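Single chain ahead, written as structure tokens, the form predicted alone.
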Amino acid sequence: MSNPRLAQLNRRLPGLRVLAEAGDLEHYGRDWTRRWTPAPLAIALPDTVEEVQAVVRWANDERVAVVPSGGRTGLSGGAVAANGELVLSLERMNRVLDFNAVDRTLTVQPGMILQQVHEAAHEHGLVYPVDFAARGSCSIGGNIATNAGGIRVIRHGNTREWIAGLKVVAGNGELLELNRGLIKNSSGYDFRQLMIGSEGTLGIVVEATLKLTEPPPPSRVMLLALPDMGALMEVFALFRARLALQAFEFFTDVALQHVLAHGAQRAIEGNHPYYVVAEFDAADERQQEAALVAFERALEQGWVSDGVIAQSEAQAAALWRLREGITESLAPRRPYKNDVSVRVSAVPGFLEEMQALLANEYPGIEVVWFGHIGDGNLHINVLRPDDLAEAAFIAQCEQVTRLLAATLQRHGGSISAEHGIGLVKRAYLASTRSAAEIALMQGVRKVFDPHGILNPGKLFEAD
């Protein structure tokens, strides 16, 4: 290795796999944002906890920044390495370590893909209920780093609800064992929860003990067409009161057109401005009848203009594709993304202001939005026109995001619901967190990572 730092790393860890070819640097140095030119020092691929510790200790000695890396499906620039950092990819640490039938826990390495976690739980007749469209490529370590939510938060909550214990390598190379899978543990600060959502700035997750649960009861999936935005919360309130909801997802006609163009099949004839995919428990005739009664009530009130209930698993999957296929269908356009949240009760007022803001600030620009209405989370995708230079487009979007952040602040919301802050949103952190909170967060970081080598530049503007 011609680089003296890498040569020194090789001498200290001769068995460590290190990549430094241009193609590898580009592949591992970026995430789905594609906004920064990858420029990492190299890619380290450890396959043991001890190797992770040794790499972090070397980085401390050499003052080399380290970017932890999982599936790199993030949308906030949290896994970008653009300034000579060492990318620490955990993809080789991808095994199941233990299943405990009594505790109903599954202990895994951080590089396991979420879909593989689901399959491993299923082998034991249980489920890990956190789920989202990127399940086939995102890693459990990345899910933990961003406290990922997804499509079933309304029933099961975010990732942090399902983490029984963690092993984490702190910024000084020390291995921390956090909570040890305990259900009750009132012995001081819960550093496990502190690590969840910290975006790799406090430590590197090297092992996770996940809680599992019983499979959900049989369910049915319904697609609803809505005549206007005002009906959205009316339908949600009605369905939540009468059904045991597993998911309640919303998207616009603009989003639907992109998914249809990407190969999905239309399920409801005609054009409607808004749509909802709802999944609900349907273990018996009573629950199924309740869904039909709720739909008829919504129809009578004019809150719904049409609807369809899946009659098979294949039809249910086809309906879900209309929602889950949105991000994939937009990916070739490299949209500028906002991922925001407000309290569910604040959704109507926020939606009204947000709609007016987007219409005013993006004239002639296509905006695609959808969301997890049941938990107050909205995803906004802005598509760059062909005749607008990327730099000018990003500048315009950032100006709108500042206005959006101010709107969120008035409604007590968050600039990041589930994608993290990363590089993309760090300038807007103060709209969600007070100056006192940010100062405390920076102080906590210095305790766990004294030399600031872990994912610097992410989360905070001044690192």
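In case it trips you up, residue 1 is the first one in the sequence shown, and so on. None of these values were measured; they are calculated from a predicted model.
What comes next is about the form predicted together with a small molecule, which is not displayed.
- Stretch-level contact check against the small molecule in the model of the complex with heavy atoms at 4.5 Å: of 364-372, 230-238, 251-259, 212-220, the positive one is 364-372.
- Not one of R135, H156 and E279 is positioned with any heavy atom within 4.5 Å of the small molecule in the model of the complex.
- Interface residue remark: L75 is counted as part of the site for the small molecule in the model of the complex, having a heavy atom within 4.5 Å.
- Taking non-hydrogen atoms only, K167 never approaches the small molecule to within 4.5 angstroms in the model of the complex.
- Shown alone here, T327 lies within 4.5 Å of the small molecule in the model of the complex, counting heavy atoms only.
- Though the partner is left out of this view, H419 does reach within 4.5 Å of the small molecule in the model of the complex, counting heavy atoms only.
- The contact residue chosen from S89, Q109, S341, N381 relative to the small molecule in the model of the complex is N381, the criterion being a non-hydrogen atom within 4.5 angstroms.
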